[in-house]
Structures are given as structure tokens and as C-alpha cells.
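The same protein chain appears twice below, in two forms, each given on its own as C-alpha cells and labelled structure 1 and structure 2.
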Structure 1
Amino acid sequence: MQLISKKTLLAFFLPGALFMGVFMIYPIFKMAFDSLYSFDPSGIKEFVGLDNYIKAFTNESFLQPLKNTIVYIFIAVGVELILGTIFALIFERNFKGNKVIRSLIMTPLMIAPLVAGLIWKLMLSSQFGIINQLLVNVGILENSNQILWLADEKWSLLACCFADIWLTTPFMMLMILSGLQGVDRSMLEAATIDGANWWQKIIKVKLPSIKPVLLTALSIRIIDAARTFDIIWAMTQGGPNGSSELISVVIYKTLTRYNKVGYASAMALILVVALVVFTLVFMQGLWNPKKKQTV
């Protein structure tokens, strides 16, 4: 068999390397460079060192969106993991209509996040939204204006979580379902012989066997949720009063509305570094677990 030459391999690798350099590596270095400067409206820049970073970690305009982002990740990704696992366990079993129902549940994956945000903005409207009307019909609410999902600081972030959960739960389901379908059947048969019931086989065999899949799906979703922008912007634009403002939204506003290039670059670089560190630590623990010490 003829081996491919190094020049041919480099020729195939070059387009991808150029793409990475132009659209990923260069912007990160440019962002790091800009974060050390302060720009006035005329475009003149002044070197300020780490002042933008100090401002970010001492300013409520960054710390509050940071808290919102953590809460958003905890609620959205947590519910997606639970629902995704339940749906995966259901669709792992062969029953009539399995493929049809599974296809319907996966429909949100084909919708853009911006469109999903607009859909849920209409559904959660206090004037003509279907969600409040359904809650009134079942007797939970007295009138459709009792909960202002997008205009009340108590509910706005949770309302955005609804859209994210609806949009991304199918992804979590597919990841977990693929892992469940790869579980060694001999392990399940052995558990059955030992007298394990359905629930015990899930807890003792299936879930431990797909732990790498679960952790990989979690890491992908946490990173994706941390940089969510489309859904928030379509539904609330970070309001009211910044109650649903995530880090990605405050970075966008700081850059486009207030033209603070240096400060926005510093916040963006903090987010990028945090996500990179999280990914490295998470994957290190996933693929290189500590070996058990032997006596």
C-alpha cells in the first residue's frame, strides 16, 4: 500500500490551518492586545495595562452577568441532563411509534437559537401568549397578567432557560441514547440473572457504563450555555434591569452601544480563558482519571 507523502498531508492540512489562524487565533491575540488599551471615541488608544481586567472583577456590571450566567448554566444544563436521560431511557426501548415520536422531539434541533427565542417570546407574552393562557385554563393563574415572564426581574432569566431547555434537550437525548445503545448487553444479562430490577440496572449498570458520554455531553453543553447570546437577545436583550443579562450580552452591549473596545475585549478574554481552563480540567479528569493506588 502506497503511503501518502508529508507534502500531500500538509496540503490537506493547510486550508484548515489557515482558517484557524485567520478566524480564531488572530482574533484572540487581537482581543488580548486591545484589552490592554483604552479607546476614546476618536479612535485614539491609551495603554492602561490591566486596568480593564481590574475594572471587570470589581464592577457590578460584570459580576452580576457572571452570576446570571452561572445560574443560567445550572438551571438549563441541569434540566437538560435530567430530561435527556429520561427520554434516552424511554427511546432505548422498542415500542410502536418510537421513531415517529423521537423525530418529533428532535425537531427543535433544526431551529436556529434566534428563532427559538422569538417563538418563546411570543409564547410567554402576557397579552396573547399560550403559556399563561394554559396556566389560566388549568387554574394555576387567575389571569394571564399574573406572571409577566419577560418583564419581571424574578422570572426573566427562568423564561430564557425554558427556551434553551426546549431547544437543546434533544441534543442531550441523542448523546445519551448513543451511549446507552453501546452498553455491553452481557452486563445487563448478568444483572438480570443476579435479580436486578429495571431501576437497579439503570443505576448500577447503564449510567456508570456511559459516564464518559454523560461527562462529554455535559462539558459541551456547559460551554455552549456559557456563551449563549441569541436566545437572550431575542427574548429580553438582557432586561429588565439586567436581570437576564449574561456575559455574552454585556460584552456585546459594551462594544456596540458604549464603544468601550478595551473593556469589552478584557471581559471577552476572561470568558474565553475561563472556558478553555474548564475544558482542559474537565477533559483531563475525564480521559486521565487518577489511577488507584496499590498497596
Structure 2
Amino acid sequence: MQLISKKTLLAFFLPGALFMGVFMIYPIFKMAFDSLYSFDPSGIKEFVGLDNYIKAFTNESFLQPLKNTIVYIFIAVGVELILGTIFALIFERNFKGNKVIRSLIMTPLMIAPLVAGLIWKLMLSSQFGIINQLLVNVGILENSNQILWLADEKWSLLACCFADIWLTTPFMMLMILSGLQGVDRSMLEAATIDGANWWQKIIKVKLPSIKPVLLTALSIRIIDAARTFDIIWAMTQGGPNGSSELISVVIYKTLTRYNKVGYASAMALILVVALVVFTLVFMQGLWNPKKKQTV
């Protein structure tokens, strides 16, 4: 039975669809089209077929950022997962002031990534940065110029990860905590009766039962980390020498600095396709918990 008439449904649907159609779906098709052309600085465009894609996958200008992005995801999301789990296990325990301390830790949650980047840039600065000064004070470094976090190719990407980790570990903690609170109490009691210690309980009972939550949190974070732009822009703008350049940064630079619309479109489309495929695969495996329960 059709409760609401088709006309009404369409009227409800269209305004929103129009917005997304114009500013999200049309751009994707436009990019797919543009990516097949090469644009002259004078505005003349020439059909080049798949050249832009071939260029992307054979040229360091895309492969390096691609590698950086993957490294960035591994480091940032990996550390966030570990720290988030530890935090969640700490805050799972009931103690006085639990909620207050938890709220304090969650304050970075909605801070603009740009601001997070700026704060960390200030803290990691080699001469007047507080981090190096602290490291000198505790005796790890001899002088504050020893590690140039933002100016050294070895460290720049890691330095950007710090800001990301600070910003989103609270999110990991929240997700995992909500999972932990849903762990079956009777299973934990059974484990206690069987003589399991706290470590065994974590490894054998808690972590396996929150696996779906862990995987979901991971997927969300991987997608987010793959799109990081603001943090990098604030801290290094991709430098030095492209060592901290992520895909989103190189797309932006290719467009604004080099004005290569075709090449930028090709790279952007690769990123979009990768993310959409990842999302769909992740959905197949996780999104439908009902299906899993019946198996």
C-alpha cells in the first residue's frame, strides 16, 4: 500500500536531491569528463584519453602522496586504536570523577582540524616549541634543535600524525567504550569463576566481543584519515620536499598552483573511487548486523 502519494514523496525528495545533485554528483561526472583532457594555461583543452590516469600511476607526483597517505593512515589510525582501547579500558572502570575526566579528554573532539594543526605546529617548532624543550628537560634530547619535526623529511609526516592522534583518539575511546559497556556481563562473570585474570578477560572476552565495534571505528577513521587536508595544510603544507604530502593536498596544489585541471580531476576521481569501494566493501561485511546474527 502506498501511504503517501508518489507526487508528495517526490516533492519531499527533490529539494535535497537538487542540492546534492548540483554540488556532489554533477562534480563527480564533471571530473570524470575533465580527467580525460589536458588543459592549457590559456584555456584550450585537448583530449588525451586515459593519459592523466597513466601519469598518476607512473609518476612520483601521485605515487609519493599515495604512499604518504597509506603510511599516515597506518600510523595515525593504528596509534589511535591502541590508545583508544587503553583509554576505554581505563574509563570502563567506575570511579568518582570518571565522567568529568572523560569529558575533559573529549574536548578536542570538535576542535577544527585546522586549529589542531596550528596548535601542534606551535608546539613542535624546533626553536621555541614546547615539545622539544620538554624532551631536553627530561634528557632525551641534548638541544632543542636536534629534531626538526616539521622541517625534516624524516619526521614531518609523523609530526602531522600527532595532531591527528590528539584530535581523534577521544572518538576511538568513545566508540570502544560504548562497545565495552555492551559486553555480556554473564560472560565476564563466567570468566571470573573460571579463574581468568583481568588481562585474560580483556584478551579472551572483551576484545573478541567488541570486534564489530572495533572494525566499524577503524573503517570510519580510515576513511577520515584518507581525506585529511586541514591538519597537513596547517602544519607543513605537504613539505618539506613533499614528504608529508597527502593525496588531498596534492589535488589542491595541482589545481591551485599548477592549474592542471585534468590531472587534478583524475587524481580526485581515483581518491573518490577508492573511498567508495572501501565503503561498499565495508558495508557488505559489517553494516548489516541482522544478517550476521542469523548465521
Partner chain sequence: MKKKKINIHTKLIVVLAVVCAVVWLFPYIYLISSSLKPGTEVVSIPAKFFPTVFSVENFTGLFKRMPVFDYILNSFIVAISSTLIAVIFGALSSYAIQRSGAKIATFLIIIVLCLKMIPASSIAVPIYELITKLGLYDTRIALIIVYAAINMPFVMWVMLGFYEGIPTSIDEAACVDGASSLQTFIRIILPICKPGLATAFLFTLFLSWNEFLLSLLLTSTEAKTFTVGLSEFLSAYSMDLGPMCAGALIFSLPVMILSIAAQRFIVQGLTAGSVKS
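The structure displayed is predicted, hence computed values, not measured ones. What we label the rigid core is the largest C-alpha set whose atoms superpose within 1.5 Å from one form to the other. Numbers follow structure 1, counted from its first residue as 1.
Q: Which depiction, structure 1 or structure 2, is to be taken as the form predicted on its own?
A: Structure 1 is the matching one, since it is the form predicted on its own.
Q: If I superpose the two forms on their rigid core, does the C-alpha of residue 70 end up displaced by 2 Å or more between structure 1 and structure 2?
A: For residue 70, whose C-alpha is compared between structure 1 and structure 2 after core superposition, the shift is less than 2 Å.
Q: Superposing on the rigid core, is the Cα displacement of residue 50 between structure 1 and structure 2 2 Å or more?
A: No, the C-alpha position differs by under 2 Å between structure 1 and structure 2.
Q: Once the rigid core is matched, what's the CA displacement of residue 15 between structure 1 and structure 2 in angstrom?
A: A shift of 4.1 Å at the C-alpha.
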